[in-house]
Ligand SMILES: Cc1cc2nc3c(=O)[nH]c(=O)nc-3n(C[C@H](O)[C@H](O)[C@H](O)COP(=O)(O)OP(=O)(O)OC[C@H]3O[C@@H](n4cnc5c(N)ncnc54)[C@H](O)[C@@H]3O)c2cc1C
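One chain comes next, on its own, written out as structure tokens in the form predicted alone.
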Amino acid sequence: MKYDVIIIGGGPSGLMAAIAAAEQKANVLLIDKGDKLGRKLAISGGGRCNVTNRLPVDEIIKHIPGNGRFLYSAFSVFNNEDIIRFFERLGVALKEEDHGRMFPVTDDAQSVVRALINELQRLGVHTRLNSPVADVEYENGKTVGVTLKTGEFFAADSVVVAVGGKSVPHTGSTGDGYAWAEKAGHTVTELFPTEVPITSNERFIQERTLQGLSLRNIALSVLNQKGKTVVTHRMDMIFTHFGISGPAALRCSQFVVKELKKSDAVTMSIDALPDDNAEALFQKISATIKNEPKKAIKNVLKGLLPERYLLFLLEKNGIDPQAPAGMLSHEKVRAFVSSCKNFTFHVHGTLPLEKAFVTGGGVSVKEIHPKEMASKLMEGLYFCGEILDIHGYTGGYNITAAFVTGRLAGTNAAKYALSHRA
């Protein structure tokens, strides 16, 4: 059986690619190795599906630190506002939440998945589930089709590889596509986990002193070997039994991975009171102590920080929480303030790629036409979504990149195939 376009992978980019190709009146086959389409979409955004982000394009690019600039050309063709219009046309009403995140009004990812599948059916896209692909076939510098693991061969003039990276493998992203890319001559850059919890061998972590404690709206930084700040993210974080997690930690993780290439441990810093200047904080605490010198220091400082973190920092600085506040030396108060503003600790790794939300690395974007998502090395071959060496922060940025690259890959794969129809 011959198709115009075969799309491998039924995730966000693959579904968008299949719809885009079918809109061009191409004969499209969508193949997925799982038993249902949209598995990654169904669990995204905590099961609510953060379909895109409404921030201006420049801001979105900034939130895609892994080759986000490559997407400028793609955004000039199809952007986040187009994604919003696309879903509203399919009957999925969206609402905007904090930081520009867009969710379906239903708060249910399944409503997004259903709308996409209904559109596939309306456009007459053929689908094959439970059909793992063994290989993408090339002849004389052209893509000719795919072979399933059953041995079945499907011919096509163009193939879109949309199989994702290696993160969240239970959704089917197990890195299958990298070998097909390399067979076509593509470079696959080193894979690494991003948006992943960070591990630490620090004693207070190993002893679970702060396990389960959340810190709200703190500034978490990664430092380089010279002690200079590499990146700072101001969000929430949580201490775990193995290290740290939560939005701020996830955003810092890719920078930790990069710094760990240079040394065995990386220093991180927590500013628990980013709105307060250190000197002003010292003066404020000193004034409170002066007013209530007989009160226990932990009671004088109550409400400044979450209680467990307050007690932890007092102990770190050799301050007895029950000691009368007036007994504290200026030096001790300054040391405590310094810990509030800059508590440093070492981290030693991250959870593995399989536990990451996003895969860093992938098919080199230098070998991809930015307005078409076409391979520069193999005719009729297209890539979209997380298999590309593009990675962003959580918050609707990766899914935006997936939908945008999927749209371009599907549209251009169809145009190419239709122009080569015998």
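Sequential numbering from 1, following the sequence displayed. Note that the structure is a prediction, hence the values are computed from the model and not measured.
Keep in mind that the form predicted in complex with this ligand is missing from the display, and what follows is about it.
Against this ligand in the model of the complex, the set Ser158, Asp389 and Leu408 makes no contact: no member has a heavy atom within 4.5 Å. None of Leu215, Val113, Val168, Ile205 but one reaches within 4.5 angstroms of this ligand in the model of the complex through a heavy atom, and that residue is Val168. Scanning Gly100, Gly172, Gly243, Gly349 against this ligand in the model of the complex with a 4.5 Å heavy atom cut-off leaves one residue, Gly172. In short, of 197-205, 174-182, 88-96, 70-78 it is 174-182 that has heavy atoms within 4.5 Å of this ligand in the model of the complex. The shortest heavy atom separation between Leu281 and this ligand in the model of the complex exceeds 4.5 Å.
A residue is said to contact a partner when one of its heavy atoms sits within 4.5 Å of a partner heavy atom; Pro132 meets this definition for this ligand in the model of the complex. Interface residue remark: Gly380 is not counted as part of the site for this ligand in the model of the complex, having no heavy atom within 4.5 Å. Proximity of Pro65 to this ligand in the model of the complex falls outside the 4.5 Å heavy atom cutoff. Of all the residues from 7-23, those having a non-hydrogen atom no more than 4.5 Å from this ligand in the model of the complex are Ile8, Gly9, Gly10, Gly11, Pro12, Ser13, Gly14.
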